[in-house]
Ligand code: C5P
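Single chain ahead, written as structure tokens, the form predicted on its own.
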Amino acid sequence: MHAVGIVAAAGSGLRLGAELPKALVALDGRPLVCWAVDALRAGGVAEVVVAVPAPQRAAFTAVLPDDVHVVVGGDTRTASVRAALAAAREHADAVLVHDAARPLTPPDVVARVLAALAAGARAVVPVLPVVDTTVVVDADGVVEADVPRPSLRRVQTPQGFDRATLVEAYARSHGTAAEFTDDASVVRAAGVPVQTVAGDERATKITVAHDLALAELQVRS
């Protein structure tokens, strides 16, 4: 199976307290985006496309390997993935979409996603169980109900898709007013079932400065 990896790296670093795009923030001396690309390749992805903010395209090109295709992303995640998908070579059988903000994703997670696709899944996401008590609150913040946890899962990346399935799902979603939080949501809106594989706690998303500090400790331990 020939898989292409798409790395969504067009997000800002505002919540992280950075003055540059989050994906360019350093973890142990290397930009987050470089860690994400390495994880995809170590897990079996042959080709990588990175969607970046237009003003920093040169900065991303400077830190990424020469064979990584850098494209300008959009104002939303879906717009960025759509741009990267258009730039990916059409001979790919599968597409894995990964967050640059999940730099320490183990290659084993990538390999599990690829294995599920090779076994016939059209869409697959890595997940973890929800371990905290989860509740529904009203507009005033008052708890209304508990949410049963056994069937709940936290979704991670990379999310994997049969290429034709993802291309068709994005074509269907173009121009709609729907808000999609990830690529699996785009595919599910097109009526495609999404399977799951085991995720990994090390694939935690870096959002705020505390997350980055924990990742630094993890790298150095």
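Treat the numbers as computed from the prediction; the structure is a model and nothing was measured. Numbers follow the displayed sequence, beginning with 1.
Another form exists, predicted together with the named molecule; not displayed. Remarks below refer to it.
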Is it the case that T105, even though its partner is missing from this view, gets within 4.5 Å of the named molecule in the predicted bound form, heavy atoms only?
no
V109 within 4.5 Å of the named molecule in the predicted bound form, heavy atoms: no
Q.
Taking any heavy atom pair closer than or equal to 4.5 Å as contact, tell me whether A100 reaches the named molecule in the predicted bound form.
A. yes
Is there a non-hydrogen atom of E144 within 4.5 angstroms of a non-hydrogen atom of the named molecule in the predicted bound form?
-> no
Here the chain appears without its partner; judged in the predicted bound form, the stretch of 111-119, 134-142, 71-79, 88-96 with heavy atoms within 4.5 Å of the named molecule is 71-79
Within 185-211, the residues having any heavy atom within 4.5 Å of the named molecule in the predicted bound form are K205
